[in-house]
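Read the single chain below, which is given as structure tokens and is the form predicted on its own.
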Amino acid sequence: MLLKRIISDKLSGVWMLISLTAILLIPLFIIAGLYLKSTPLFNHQDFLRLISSSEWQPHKGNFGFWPFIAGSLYVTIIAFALAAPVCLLAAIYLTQFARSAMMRIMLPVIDILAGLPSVIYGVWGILIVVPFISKILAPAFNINTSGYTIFAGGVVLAVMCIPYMLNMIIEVFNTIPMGLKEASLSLGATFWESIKHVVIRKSYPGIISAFGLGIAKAFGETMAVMMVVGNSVQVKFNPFEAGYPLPALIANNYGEMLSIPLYDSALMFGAFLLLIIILLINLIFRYFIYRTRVH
């Protein structure tokens, strides 16, 4: 019986170690595979030229990725600027002010929104957001546009990210011990001061983590953004102009344009760029989390 238990423990330890190793190796294999597939493009153009050039002329061998990088960053920034305040304020209200019945109603709603396919958000963007921008919002600024713009992509992306970030921030607030807030109230702080200086301050690492994961998800989103952003290769920082994010480039062209020399490597390089940028975003937010924990 003792020998059987020892063997069972060792097998369990081996399986856990194998699972952990697989999780650690998968990102390395993905990075290595994308890099190797991008190598022919590196032999044709240097890395700095690839990410800084705006010339996208595949038939002439010019692959400039700056319009796609700028489009992805711009859409993501707009989405984050719209979604982050809504998520933070809604989480504060639901966990600190609202009745428990409201929370029981909202949690299934949040789960439903998180589970909707991205194509549904894209269709909603085409039916509601695009006409609103083209017929109401843009004319208010004396701008003529079709509505398929970077701003439309940012709005749709913000709505998609809200359930993820909101759910995480709610869970973070729920982990703060009630005793901390009660101690603050007993010392004479107002209810809002207790929330501001105790609950929110204690939740800084979790809030930053939620925002970081939200941005990473927004940056890599494909279908919904592709349907409303216009897919025009240009670098214009006007939100009422069309853009072309990196994920849309890969989704639109892979499998159709591969007869062009180096196009396959260019699309793999786009995926490689996407992975590296998301990795950098996560590292930056990990640094912020570390700084908030230290202080």
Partner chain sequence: MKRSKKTEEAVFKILSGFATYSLIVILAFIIIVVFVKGFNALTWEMVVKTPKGGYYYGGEGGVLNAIMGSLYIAFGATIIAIIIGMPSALYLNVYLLRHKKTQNTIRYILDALWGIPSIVYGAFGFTLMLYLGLNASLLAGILTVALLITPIIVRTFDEVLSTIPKGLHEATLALGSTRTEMAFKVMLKQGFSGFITAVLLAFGRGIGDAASVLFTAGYTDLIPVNIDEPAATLPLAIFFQLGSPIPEVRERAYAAGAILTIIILTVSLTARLFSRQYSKSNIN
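Residue numbers count along the first chain shown, from 1. Nothing here was measured: the structure is a model prediction, and the numbers come from that model.
Note that the form predicted in complex with its partner chain isn't included here; everything after this is about it.
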Problem set entry | All of Leu113, Thr190 and Lys196 within 4.5 Å of its partner chain in the predicted complex, heavy atom check | yes
Problem set entry | Heavy atom within 4.5 Å of its partner chain in the predicted complex - the one residue of Leu82, Met106, Met168, Leu137 that qualifies | Met106
Exercise. Any of the heavy atoms of Ile77 lying within 4.5 Å of its partner chain in the predicted complex?
Worked result: no
Exercise. Would Phe151 show up as a contact with its partner chain in the predicted complex if we use heavy atoms at 4.5 Å?
Worked result: no
Exercise. Is Ile260 a contact residue for its partner chain in the predicted complex, using a 4.5 Å heavy atom cut-off?
Worked result: no
Exercise. Met223 near its partner chain in the predicted complex, any heavy atom under 4.5 Å?
Worked result: yes
Exercise. For 73 to 103: residues with a non-hydrogen atom within 4.5 angstroms of its partner chain in the predicted complex?
Worked result: Val86, Leu89, Ala90, Tyr93, Leu94, Phe97, Met102
Problem set entry | Distance direction in the predicted complex for the C-alpha atoms of Ile23 and Phe211, relative to the displayed form (3 angstroms or more) | farther
Exercise. Versus the form shown, are the CA atoms of Ser19 and Gly212 closer or farther apart in the predicted complex, given a shift of 3 angstroms or more?
Worked result: farther
